[in-house]
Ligand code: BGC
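Form predicted on its own, single chain, as structure tokens, below.
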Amino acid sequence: MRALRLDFDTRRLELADHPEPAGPGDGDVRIRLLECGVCGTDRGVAEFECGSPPAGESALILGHEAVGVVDALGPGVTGLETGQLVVPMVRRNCGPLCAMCRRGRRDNCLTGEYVERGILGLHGYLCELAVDQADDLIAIPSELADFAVLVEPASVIEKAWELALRLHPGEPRSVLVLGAGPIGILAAWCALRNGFEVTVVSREAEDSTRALLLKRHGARYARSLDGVRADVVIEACGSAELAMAAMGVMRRLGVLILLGARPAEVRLPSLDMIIGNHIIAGSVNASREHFGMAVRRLRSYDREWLAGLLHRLPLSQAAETIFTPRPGVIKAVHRISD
């Protein structure tokens, strides 16, 4: 089968033949992949900032924002049927199971001994076929077929949003989102739907596609932090420096959620944090519950909103889009069958 493979020995990323997965065995489901989005995590893996291939192999199939259809069921699988649209979760439990993995919260694994599809120790989904345990799949209603590829990134936002509201001890009213990429836009829409005042700060021009999309749906758009005040800050830009600067505009009791900041040496405003009762929290991955929340959230959005996010390309162009995002494209999604 065709697969986008990152070879850790030769340091090359290329579309190449790869053996089809075995199975499905007991409790397994074989998926025929339809689409897979790319994001900053894929870029980080492709630039060897993180990630690893499966044990005993030199190459890793990339891709974790996937949607496919059930192609075959192994013995013992219930609740799914062939032709069912599904989205796979990303992280797999550690073993032996830690307390959080036992509770179904592998996203909060305590040991760090987990593996992740397309990122760490397990092949991903920029390929034609994959096999997963049925418990690792989220059934998707057919009406969401055109936008199911957004479920995984939307699940990350659902977890971050739940965390922010749980950590804030007061009555937050305003949200600052750093970055106008897909995660930033989904974060802004989530906050707007929950009745919050939302400002998005990013580098794009005021008349850019992203800025106009955000303003059209009720968010304020700005290119600097000047004049901004917020109770909750969601970092979705990859910049630790901007995240620390944004702490200067947080109100008392403010909460900063880090989603994508790259490693950097930054000044921590510790005195301001103490005086302001500020909280910084990191958030990664999502639980089955958050995936379900993402499905419900996406179903509630206007289809024109969602369509404006996506730009579909053939699988043959995946290596190019991972390294060099196309100007004007908000979310690149690769069709596996093309």
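None of the values given here were measured: they were computed from a predicted structure. Numbering starts at 1 and follows the sequence shown.
Beyond what is shown, the protein has a form predicted in complex with beta-D-glucopyranose; the following relates to that form.
Of the candidates Leu310, Val284, Ile280, Leu313, Val284 is the one whose heavy atoms come within 4.5 Å of beta-D-glucopyranose in the model of the complex; the others do not. Of the residues given (Asp132, Glu152, Glu158, Asp231), Glu152 alone sits with a heavy atom within 4.5 Å of beta-D-glucopyranose in the model of the complex. The candidate site formed by Thr41, Val90 and Glu116 is fully in contact with beta-D-glucopyranose in the model of the complex, as each residue has a non-hydrogen atom within 4.5 angstroms of it. In short, of 116-124, 69-77, 197-205, 264-272 it is 116-124 that has heavy atoms within 4.5 Å of beta-D-glucopyranose in the model of the complex. Contacts with beta-D-glucopyranose in the model of the complex, taken as any heavy atom within 4.5 Å, map within 54-70 to His64 alone.
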